[in-house]
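Encoded as structure tokens, the following chain is the form predicted on its own, with no partner shown.
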Amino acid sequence: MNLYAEIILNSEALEIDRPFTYKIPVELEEKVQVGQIVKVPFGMGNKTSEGFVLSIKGENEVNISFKVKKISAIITDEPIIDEDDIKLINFLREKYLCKYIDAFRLLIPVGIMKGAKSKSKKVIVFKSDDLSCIKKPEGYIEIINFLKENSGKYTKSELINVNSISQYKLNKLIEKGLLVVEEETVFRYNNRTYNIDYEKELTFEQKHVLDEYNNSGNNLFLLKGVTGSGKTEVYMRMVEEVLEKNQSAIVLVPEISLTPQMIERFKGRFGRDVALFHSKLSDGERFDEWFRIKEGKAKLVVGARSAIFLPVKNLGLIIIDEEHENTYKSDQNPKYQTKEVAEFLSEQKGCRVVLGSATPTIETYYRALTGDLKLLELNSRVDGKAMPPMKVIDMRNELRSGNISLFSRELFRDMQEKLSKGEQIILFLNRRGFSTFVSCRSCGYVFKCEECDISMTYHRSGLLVCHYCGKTKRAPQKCPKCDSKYVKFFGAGTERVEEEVKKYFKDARVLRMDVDTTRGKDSYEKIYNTFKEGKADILIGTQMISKGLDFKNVTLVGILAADMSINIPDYRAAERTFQIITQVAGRAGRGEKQGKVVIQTYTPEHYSLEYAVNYDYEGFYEKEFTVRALMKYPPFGNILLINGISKKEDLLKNFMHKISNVIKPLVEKEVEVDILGPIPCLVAKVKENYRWQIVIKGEFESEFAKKIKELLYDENKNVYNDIRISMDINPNNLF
């Protein structure tokens, strides 16, 4: 019987986002497997293309009414993905309205597509110390004893050149079979040894949480624990139980929380066989970790969101720490939500999923209160200390009193006091650069990026930088519009804060942690260790300092501009403000000394600040819950964001109006669904591409979203080369 393979081509084109049927040649019938990468002829010219084997069928399962081309060759001997992965790919495609190829690429490391292979070396391995086969064993016993202790550690050349072992004697021992040469995979990462992290004595609350977890029949949990309550120790105990059952675990943290401290703890507790997976790894390192996990050589994975797609064997547990973080939602196709993928895997594999946060999202906490998730709570810090008190400073009063500096009088006094006592300070401002924008005071002209509809940020290097596309240019001395010399820098970024701190506190040792200072591979770790070891007094940073850091000598945290997140035009703005203030505040007073938090704002009356100051999550939840219910925002409805992107503004505008008219009849059939737009996006141009959007909001199911996708696909085919359309369910923002 003839066999046929359904192939997904490695192409972005909308027109071929479907399986293509190819005949499996007789000579390959026993070799082709689901999940392999193969070569196939495609198109009129039969140009060879790469493709993924989605399924294999017999001739009675396919409807062939045309001449079928044959698979040309097999690229990967072994399947890269398995049948469960295919189910996950179908889930991603249905749930997040993406193309097949987008889903496939999530599961396959970049290195494989580039032909990457494991790196290996030939090492000398001890087999026997029976020297009776050697006539004159003198001088051989030392070599044998050395290799007994260092079996498999060294190559032949290393033993000869570094350890000064006789080449003749080494060859003789290999010839007689007392030593053998074996090929060993060389992993390009994860070779560092960490200090042992001993189990901490559990508090009553931690024991209670673990008992509830172990005795529950649920597979989905929310661990809500205040900062400093010992969530990480609870995670480790959960992981330990899974590993003892010979199962595997995935621990996910936001990229910015994948701190050296987190890595130290997990590797210190569970050894070198912990796999790490994050964006700072090279393609080769990512391939090695992927291969090690696929081979079952690493039972525990710690990583950022993409680690959820690793080929973990016998998965028993997924932990998603800081589950409220935006970074768990992908902003590239497929625009998946990591928590939803984890739940799919839980249903598929029967594993447990634990979401952890001091400030869960409104949607997650709602699900916990309604019973979808089992709620576990840690309401006290491990040491029994109270949370650090917060003081809100109205910066309007500071201006009225003549204080025009970045620091309120109270924060300035507190900084003087803490520095005099040898204590450390963290200053938080969620904007990098020196000033937020540059403007002409004469005519009001704002210096914007020519390729993006966004103001450029001034950096102390004298450059204007676009933080959307990366374009830079020298800061002008005159206004290009009116030729005025009155060009002024407005607002402040972390660079400006650093300069001001050094101006007023000349003896203080200052570090800055933001995207600009952590571009290097080990730069984050160097800054972290310098501050941890007490070699710096003040750490200034953006959101990457807001979590995952535990410095015992930090007694003061200053939040310099709480209004930045409040004033974002997005329905999650209040929630994000509450979360980030609570998280940053949690960096203070984690040691023996009492901490303090100073929040500077121009809107002290905003409810997110009022609840944050009192660490009142439940109060904030009730307030925000009411607003969401009235506006039918998640969890009471869904949002489907349709973005159109093109270099041709008029073509894009007309196209977006056209598809709006096509979609409207479908929307009008739904009772509680509204369509908004089309309008230009808030950031209307990025990298020379114009951006328009349509928002569909209300109570709709996935089938409705699929119908919208099909309509858009049909309309987009004719202008695909000029206009890119993307869809996102419940996006992070509506920019």
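Values in this document were obtained by computation on a predicted structure and should not be read as measured data. When you see a residue number, it is the position in the sequence shown, counting from 1.
There is another form of this protein, the form predicted together with ligand ADP, and it is not shown here; the text below is about that form.
Taking the partner from the other structure, ligand ADP in the predicted bound form has no heavy atom within 4.5 Å of any heavy atom of Asp537. Within this chain, Arg292 is remote from the site of ligand ADP in the predicted bound form, having no heavy atom within 4.5 Å. Of the heavy atoms in Thr227, some are within 4.5 Å of ligand ADP in the predicted bound form. Contact annotation: Lys200 falls within 4.5 Å of ligand ADP in the predicted bound form, judged by heavy atom distances. Segments offered: 505 to 513, 388 to 396, 418 to 426, 230 to 238. Contacting ligand ADP in the predicted bound form at heavy atom distances within 4.5 Å is 230 to 238.
For a residue to qualify, one of its non-hydrogen atoms must sit within 4.5 Å of ligand ADP in the predicted bound form; all three of Gln206, Arg265 and Val382 qualify.
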